[in-house]
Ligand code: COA
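Before any questions on how it binds or moves, here is one chain, the form predicted on its own, in structure tokens.
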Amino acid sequence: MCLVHGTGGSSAVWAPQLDGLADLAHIVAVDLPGHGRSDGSIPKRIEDAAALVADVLDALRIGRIVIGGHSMGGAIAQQFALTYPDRVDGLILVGTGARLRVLPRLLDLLARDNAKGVELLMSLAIGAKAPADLRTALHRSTADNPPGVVLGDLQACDAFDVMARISTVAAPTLAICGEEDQLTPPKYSRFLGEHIRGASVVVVAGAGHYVQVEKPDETTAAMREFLVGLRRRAISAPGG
């Protein structure tokens, strides 16, 4: 399984799932260029990021994959599934949507004052019930990005729109979102559930946009159930 982080993030955002699913799947959690421990310039388009993920998987000699992503990473996962359908055994979309329009005032503020822009972003992203230490850690990790990274990520998100094509995804799909997500509200995940044939949707109570770290047990359990279902399906398939 390959997991892709969201705006201004890194592979660290998947720490609970890396631990909680280690017995079930070999997980590759990537740091996109310009994020986490990866050097280079950030991808300017979601399409570019999806191609970079394909390159990473090629370098690791991984062909077919269950791919998942959070927020911007969910857009990348969708683009990967649309571009490389023969490589996708399953799709896990966390706190994301088929279109990711960004508040113009957020983009404007990030362009003028990165610190204040990040403050606004995180005030919208983290659920009200998240522990104070988690809130602080998420804010700090996002603010520590070099100026322009968060803005560039959100500009790529703002240009992303596969609403007209998402119904062509044939891979089994799970959409997960926080009930209190202000950035990609549950209606985004429900749209994915309604337009991807056979997709299931899990709305996690009491969680905001960072559902996988705000409610790690619930998120991991939903992912585990999905992965176990994929395994059973593969075993029962002819030749499985």
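Predicted model, so just to flag it, every value in this text is computed and none were measured. Start at 1 with the first residue shown and count on from there.
Only in words, not in the display: the form predicted in complex with the named molecule, which the text now covers.
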Would the named molecule be touched by all three of Ser11, Ala29 and Val149 in the model of the complex, meaning a heavy atom each within 4.5 Å?
no
What stretch, of 96 to 104, 82 to 90, 165 to 173, 137 to 145, brings heavy atoms to within 4.5 Å of the named molecule in the model of the complex?
96 to 104
Of Ser38, Gln182, Ser200, Ser41, the one that lies within 4.5 Å of the named molecule in the model of the complex (heavy atoms):
Gln182
The named molecule isn't shown here, but in the model of the complex which of Cys157, Ala130, Leu110, Ala125 has a heavy atom within 4.5 Å of it?
Cys157
Can you tell me if Arg61 lies within 4.5 angstroms of the named molecule in the model of the complex, counting non-hydrogen atoms only?
no
Looking in the model of the complex, the residues of 56 to 83 with a heavy atom no more than 4.5 Å from the named molecule, listed in order, are Ser71
